[in-house]
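Just the one chain here, the form predicted alone, laid out as structure tokens.
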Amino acid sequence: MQHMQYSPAIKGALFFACLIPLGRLVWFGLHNQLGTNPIEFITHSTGTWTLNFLLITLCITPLRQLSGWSWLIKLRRMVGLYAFFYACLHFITYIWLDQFFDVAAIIKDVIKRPFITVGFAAFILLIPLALTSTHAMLKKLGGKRWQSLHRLIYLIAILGVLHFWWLVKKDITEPLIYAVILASLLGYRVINSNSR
């Protein structure tokens, strides 16, 4: 079997592909296609894509091991940063368009609504991962400490799925799909304990 070879064009194409969800939102906004509740549409879209990119990030190690395409590891940091980027958009939509920077209302929301609490916790935990994603920070922290810190992505993904699950009041089909995918990815790592 001949393995696919890495090319910088692959990373470039993926970079622009990851911007498609944002471009879609902008296009919809400019053409009044955000529906009857634009804030809810933007919040749902950015939240969904945050979860998508978190799961894609977690897919890279098993896909690399199963396919033999070792170069896939070169794409993981970028995909992870896109997860953080869409999480930031999700968070900004909430504090700006939904809460209008009302700090007291935000704190009350975080305390009283469990799905907001776990979502906020997941976002906070993503910040140190984004800040330490560079090669320089890897060298500064050392391989073991850096790897231990970045294992937080497992907890973040669990909190993200839980955030979505608790948000949905009736039809849990979509969060259930995310939960099954995440459970499969975590299960793979338990079985193959040397993977990350």
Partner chain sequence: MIIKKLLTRNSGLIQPSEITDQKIYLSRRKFIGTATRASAAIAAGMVMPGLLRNSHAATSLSVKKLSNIRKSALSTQEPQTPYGDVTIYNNFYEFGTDKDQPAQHAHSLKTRPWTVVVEGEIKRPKTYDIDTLLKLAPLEERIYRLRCVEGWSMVIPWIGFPLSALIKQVEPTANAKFIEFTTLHDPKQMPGQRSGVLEWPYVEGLRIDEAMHPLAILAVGLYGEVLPNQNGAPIRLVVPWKYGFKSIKSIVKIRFIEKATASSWMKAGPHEYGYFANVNPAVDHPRWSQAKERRIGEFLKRDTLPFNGYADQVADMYAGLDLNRFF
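The structure presented is a predicted model; accordingly, all values stated were derived computationally and were not measured. Numbering follows the first chain given and starts at 1.
The same protein has a further form, the form predicted in complex with its partner chain, not shown here; the description that follows concerns it.
Between the options Ser70, Asn32, Thr134, Ser148, the residue in contact with its partner chain in the predicted bound form by a heavy atom within 4.5 angstroms is Asn32. At least one heavy atom of Val168 is located within 4.5 Å of its partner chain in the predicted bound form. Within this chain, Ile39 lines the site of its partner chain in the predicted bound form, having a heavy atom no more than 4.5 Å away.
Taking non-hydrogen atoms only, Ile124 never approaches its partner chain to within 4.5 angstroms in the predicted bound form. None of the heavy atoms of Lys74 is located within 4.5 Å of its partner chain in the predicted bound form.
This chain is displayed without its partner chain, yet in the predicted bound form the stretch 39-47 from 39-47, 135-143, 150-158, 56-64 comes within 4.5 Å of it by heavy atoms.
Residues of 88-103 lying near its partner chain in the predicted bound form, listed in sequence order, are Leu97, Asp98, Gln99, Phe100, Asp102, the criterion being any heavy atom within 4.5 Å.
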